[in-house]
Structures are given as structure tokens and as C-alpha cells.
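A lone chain, given as C-alpha cells: the form predicted alone.
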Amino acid sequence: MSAKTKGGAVVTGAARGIGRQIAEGLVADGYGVVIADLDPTTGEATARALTEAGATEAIFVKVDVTDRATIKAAIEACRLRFGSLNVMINNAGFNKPEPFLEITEKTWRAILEVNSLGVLVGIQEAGKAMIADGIKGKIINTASIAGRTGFPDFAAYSVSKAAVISLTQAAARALAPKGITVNAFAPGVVATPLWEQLDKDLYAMGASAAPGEAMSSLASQILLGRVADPKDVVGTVKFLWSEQSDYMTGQVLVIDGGMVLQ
């Protein structure tokens, strides 16, 4: 392990958006980071940028979270380059809105495969690596407020994120005897490429009258009066990978500006 690093971290879906901001935070905090993403062009560029700007190194590994072999490869690259896997962030996900009565099996399966199965596999492979190396690590999953309350135009996404919450709880129980904690964070509306595409898709299917309207409508429901920037999320995630959260597992922290109160 490089003397500069606290250890290694893998962040899936880290080429852009929330994942990139989390990876940037990990590098700044002294971790070597694997940018695990399906997009090699953006992923390689992100790894270079974070390495140049940060205190430690980021590397890119091409990962399809529905393919166990690629997740294992990213974790192994982390262990080889940085000595161990200390933090696993299962962040990759996507959404494709469809009216509730028109949801297709194809869309359902695709969203559940990436957003839920991908998290299961990420937890499993991270847990195995941490146990093998005797690491009392941190596994952190990206849930969503959609996992707490269903939205009719993206019900499949809501179900997939509810599954992430349940997986977090089940994994926390399974891995606690090994000293590994498993928690999640649930963002609300965040100005990322995912939400920008969602806004376009909602307009294209007639669910909003103009581009930007869907985002504005959702923003109007937020008590703090604006959608989040990816940077708004990082502080909470940093808490989850820090020693300050050592006595916390199986929990979901909502970061939504007061949109969903529970």
C-alpha cells in the first residue's frame, strides 16, 4: 500500500454526478480510489483529473455492475494497487420513466438488474474481500427518497431503491459479526446527468409541458427551496465512511432538503 493512502475504495458509477463527487471526497480524504464505471472515456478522464487534483491516486476500471466478474476485477485492482479494500460505495444506477400502466417488462428488468442486483453483487464481493483481508470496512449504498415513497412515472426505480434499503439492512445483519458496517444514503432531487435525462424523458412522454418543468415542479416540494448539487451529498457520505459512524449499521440517511418527511 502506498504510504500516502488510508487504504482503497471502489466507487461504482463514479465517472460523473454523485459518484464522481464521492470519489473526489475519498481522494481528498487520503484513500486510493477505483473509478468503477461502464464509460471508459469519461471514467479515465475522471481518474486523471482526481489524481492530478487530489492527495492520492484514482484509477479507472471498466465495470458493468450486472456482471459479477467485472465487480470482482475492480475490487482486485483496488487490493493490488492500494493494499486493501476499505470502502465500497455501490452507487451505479439509472432510471427510465414510464407511465405506471405502461411499464414494460424490459424496463423493469433493466432497472432492477442495475439498481438492485448490482448492489447485491457489490455488497457480496466487497464483503468477501474485506473478510479475506481482515478489514473491518465500510460498505455504503446509494438509495433514494424514491425507495421510501413510490412515484407513478418511475415505479420500477422506486422499487429498485426500496430493494437497496432492504439489502442494506440484510447485509448489515449478515456482516456485523465480521466488523463490517453497511449503511445507505438516500438523495432527493440532485442536479446530475441522471436527473437531467429524467426531466427530458418526462417531457418526451408528455408528463411535463416544457423542458425543465418536471425538475422545477419537484424543486417546489423541497423545503430548502432548491434541488441539490452533488456536493451537497458528499458530507453525509464522508460521515458514513469515517470512524465517526463506526457504531452505526443498517441505516439510511436521507439527504433531500426536506422533500420527504418521515
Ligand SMILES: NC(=O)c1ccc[n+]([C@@H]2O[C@H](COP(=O)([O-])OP(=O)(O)OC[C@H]3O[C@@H](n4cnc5c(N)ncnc54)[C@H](O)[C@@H]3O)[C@@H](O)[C@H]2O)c1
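Residue numbers run from 1 along the displayed sequence. Computed from a predicted model, the values in this text were never measured in an experiment.
Just so you know, the form predicted together with the named molecule exists too; it's not on screen, but the next bit is about it.
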Quiz prompt | Answer option from Val190, Ile123, Ala129, Ile180, heavy atom within 4.5 Å of the named molecule in the model of the complex | solution = Val190
Practice problem: Using heavy atoms only and a 4.5 Å cut-off, determine which of Leu202, Ala219, Leu38, Ala45 is in contact with the named molecule in the model of the complex. | Solution: Leu38
Quiz prompt | Interface membership of Ala9, the named molecule in the model of the complex, 4.5 Å heavy atom rule | solution = no
Quiz item: If you check in the model of the complex, is Ala58 within 4.5 Å of the named molecule, heavy atoms only?
Solution: no
Quiz item: Taking the shortest heavy atom distance, is Val234 within 4.5 Å of the named molecule in the model of the complex?
Solution: no
Quiz prompt | Non-hydrogen atom contact Gly17 with the named molecule in the model of the complex at 4.5 angstroms | solution = yes
Quiz item: With the partner removed from view, which of 23-31, 206-214, 49-57, 192-200 is the stretch that lies within 4.5 Å of the named molecule in the model of the complex, judged by heavy atom distances?
Solution: 192-200
Self-check item: in the model of the complex: members of 143-162 within 4.5 Å of the named molecule, any heavy atom
Solution: Ala143, Ser144, Tyr157, Lys161
